[in-house]
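Shown below, as structure tokens, is a lone chain in the form predicted alone; questions about how it binds or moves come after it.
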């Protein structure tokens, strides 16, 4: 996505221009639940942005390339979330079958 394109500024994209400091997982202070909720919220935001971009493409207010990039980003984030869920469920099942 080209942030310099004035038409793209209409999309509600989260600000990613600020460099993030590398978080230290041991001292970050966020629980797994908070992280999971944040990830689900971010995927939801990307899905909404992709829907909005698709509407803008259909109206001719956004390039097809920019719309496809928004859709691809939303698709990849959803696939990652689904894979994370599958791994978490697999780990849960393994723990439930452990003999103590």
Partner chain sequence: MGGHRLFDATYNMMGRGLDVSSYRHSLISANVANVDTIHYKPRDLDFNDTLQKAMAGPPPREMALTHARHLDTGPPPDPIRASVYDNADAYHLDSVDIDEEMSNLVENNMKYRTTAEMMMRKMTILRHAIAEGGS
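Residue numbers count along the first chain shown, from 1. These figures come from a predicted structure and were not determined experimentally.
Below, we refer to the form predicted together with the partner chain, which is not included among the displayed structures.
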* To do: Report whether the minimum heavy atom distance between residue 79 and the partner chain in the predicted complex is within 4.5 Å.
  => yes
* Contact between residue 33 and the partner chain in the predicted complex at 4.5 Å, heavy atoms? -> no
* **Heavy atom of residue 40 within 4.5 Å of the partner chain in the predicted complex** => no
* Asked: Would residue 44 count as a contact of the partner chain in the predicted complex, using a 4.5 angstroms cut-off between non-hydrogen atoms?
  -> no
* Asked: Within 72-100, which residues come within 4.5 Å of the partner chain in the predicted complex, counting heavy atoms only?
  -> 72, 74, 75, 78, 79, 82, 83, 85
